[in-house]
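Presented as structure tokens, the chain that follows is alone, the form predicted on its own.
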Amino acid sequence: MQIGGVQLVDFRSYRTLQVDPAARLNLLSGPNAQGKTNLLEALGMLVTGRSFRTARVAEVPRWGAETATLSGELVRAEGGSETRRTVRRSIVRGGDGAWSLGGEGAPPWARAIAFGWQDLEIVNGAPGARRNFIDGSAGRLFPTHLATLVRFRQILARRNRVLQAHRADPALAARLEPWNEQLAAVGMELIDRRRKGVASLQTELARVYASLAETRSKVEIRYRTVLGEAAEPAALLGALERSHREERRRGQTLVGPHRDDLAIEIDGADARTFGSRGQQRLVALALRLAEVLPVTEAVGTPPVLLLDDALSELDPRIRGHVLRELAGAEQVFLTTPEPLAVPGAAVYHVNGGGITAA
């Protein structure tokens, strides 16, 4: 898949912008705080309908604007022919002051994978960052995963309200029973897709990391849950029953996919504790690049890569390995504060909310 011509109006630092990306590697160079990441964000929102930087769409329109719009053409080559789809999205402030995102949805084969500084938290941050990574990855592989995640969170919130409101009620267990059944059914559905997503990443992660680091070090990821290898809702129901006393005391649900984690190890050692910052950054980048093959196999077309300052803090040798890996990808947008000489790449200079081809 590729992104064709793109137009932005009142998006972040851009009053207006039109750009026609190259089909393969696009280098966006320029000083910091000039709009490189804003452009990547716009490209990601065009494809996915979401920002990889914020959950608050109110942050996206240019300061003082009442609306922001973006449009572009998504292209898929298949069997010697091309499919083109024009996508338009708008962010509008309503009469009540609330911002909403609307417009046309992207076709089901459109996927984008973004990497940014915040991805370091996947390796060295709290478990929530790793759960978000797993769910984002699974959402690109399984069309209904994110909807299931929303449903699970709704059930979890209602179950927690019952726990908090009726902690002293002798009949609390009976009140929780219908919520337990729903939580177990939907929760195991989530866990099953997460496990499949992690399994699809493991082989490719080992290859990508070894290629980038040029080392024999082995990187492994494993899905961690108190349920072990259990795959039936009955296992989660049993765990809920065993934690009932502590849940009553604390007023919150203590077991389930919202408490699970992802183990990331380098040569058997926890990357969070024992990995250097350079290793952690390289593992985070490798995790994103490892998604390319599973996504391609799942939807039948390669995803677009949106890489924000991906070469930062890497030594020149490893930077060369990263660029070599990117040469095999479909369409790539890579930001860099310094000009790079990469054969065959389209180079754009971003400065002051404008972009010019080098």
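It should be emphasised that the depicted structure is a prediction, and the values quoted were computed from it without experimental measurement. Residue numbers here begin at 1 and follow the sequence given.
The same protein also has a form predicted together with a small molecule, omitted here; what follows describes it.
Just one listed stretch, out of 290-298, 312-320, 326-334, 57-65, contacts the small molecule in the predicted complex at the 4.5 Å heavy atom level, and that stretch is 57-65. For the chain shown alone, Pro303 is not a contact residue for the small molecule in the predicted complex, no non-hydrogen atom being within 4.5 angstroms.
Contact annotation: Gly44 falls outside 4.5 Å of the small molecule in the predicted complex, judged by heavy atom distances. When the small molecule is considered in the predicted complex, Ser51 lies well away from it, no heavy atom lying within 4.5 Å.
Although the partner is absent here, Gln34 is a contact residue: one of its heavy atoms lies within 4.5 angstroms of the small molecule in the predicted complex.
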